[in-house]
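As structure tokens, one chain now follows by itself in the form predicted alone.
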Amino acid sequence: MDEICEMDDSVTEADVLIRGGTILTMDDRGTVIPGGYIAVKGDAVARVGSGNGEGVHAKKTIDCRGGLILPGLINAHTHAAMTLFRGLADDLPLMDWLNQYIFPAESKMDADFVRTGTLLACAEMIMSGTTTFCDMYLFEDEAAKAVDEAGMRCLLGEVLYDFPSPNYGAVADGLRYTENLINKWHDHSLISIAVEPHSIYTCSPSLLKAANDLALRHKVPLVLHVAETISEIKEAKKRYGKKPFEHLEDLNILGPHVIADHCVHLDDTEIQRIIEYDVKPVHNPESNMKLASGVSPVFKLLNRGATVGLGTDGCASNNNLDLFAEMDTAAKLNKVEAMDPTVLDALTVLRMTTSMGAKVLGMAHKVGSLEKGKKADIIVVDINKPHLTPMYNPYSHLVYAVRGSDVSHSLINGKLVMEDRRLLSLDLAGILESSREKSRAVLSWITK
């Protein structure tokens, strides 16, 4: 860990001064600044250095009381509004879970349902250290409005299927809906849009190609589930005589703009396709474990040079959005899979949720590390707790010991959205009550 002081004496006025903690910048040099400070001006980091920020006059000062200061975490794959399905149908195989519970319930949803579920997800994520997430779901314009209200950073897109959607209806309308989202949110400071066909088993080759053409035309990411289950592999071979990434390669879809969620069942030829086309895989260990989908060979992907993010998936298959818990699981699961305690070390896993996660979402120029000029997405972890004492290695603590509830403060785009565990950007009590009301509707849908 390099310890350096990055000074800029020209900055004397700031909106927020964060001081009194150890800064893990997560930059390419691995810079750590014990007893450091960050000056935030507007939406960006203006100054990073050691000491208490003498000479910087700030409107708001946050004393971290010896805590850890790091970039906000990046959840590279989730279905935010599925918070309202948390615990609805546990302990089932993926296809039974989808076809018997999730798809039927989703067919009854409306925009207000998605708004409530997304607000609940945003509250949970902010309060557990996540500042940016990638969302795939239905009624995503309503989700975008909820994200805007929460003040979070998000890459989102409407899920596309071969069958009619409860939101947009026919398949062709889904592509139009997505293009409208791209145009509507194009200039937003926090919200970006992706094109998001669900998977190769729910999307025809023609839909996949049309979705990819739309993504390339607008220069936005293409996000889809790939190689998640053994049944998906069998279905791909049955329909197309090919493995999932081989099928996508034949459709001329693979490229650095593709974000591939799960990537569990990969042989060496499929891994080579990911590397060759610079596809961005996203590991979702807890969901894959719960649904018994398998273990993604993340250590092999990383060793071959892949850029890999970490995601929680939706709450219906996890059942939480706590990336600290996900990091702990990812590190340990891959050690067991490889039978090697050295794979996926703590620093590597933390990079998957910060600097590397930002690269996965195409946001590395804005977030993922604490450097002058980047957006001020910052969290503070309170380490003055029994389960975090003593601390020899901060990276180890963050991956193996910290919980989401240990996050005390969160800034997104320079705005304080949580202070001393108090959510500032949302009405938490109102969201909880609305969520309980929606859960009663869900029960009526699945019991009829």
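None of the values given here were measured: they were computed from a predicted structure. For every residue, the number given is its place in the sequence shown, counted from 1.
Omitted from view is the form predicted together with another copy of the chain, to which the following refers.
Just one of 267, 91, 187, 276 comes within 4.5 Å of another copy of the chain in the model of the complex, counting any heavy atom, and that one is 91. A single residue from the set 303, 99, 252, 342 has any heavy atom within 4.5 angstroms of another copy of the chain in the model of the complex; that residue is 342. In the model of the complex, another copy of the chain sits within 4.5 Å of a heavy atom belonging to residue 387. In the model of the complex, another copy of the chain stays beyond 4.5 Å of every heavy atom belonging to residue 47.
Mapping the unseen interface onto this chain, residue 87 counts among the residues with a heavy atom inside 4.5 Å of another copy of the chain in the model of the complex.
At least one heavy atom of residue 290 is located within 4.5 Å of another copy of the chain in the model of the complex. In short, of 49-57, 29-37, 410-418, 396-404 it is 396-404 that has heavy atoms within 4.5 Å of another copy of the chain in the model of the complex. Contacts between stretch 110-127 and another copy of the chain, counted in the model of the complex as any heavy atom lying within 4.5 Å, involve 120, 123, 124, 127, listed in sequence order.
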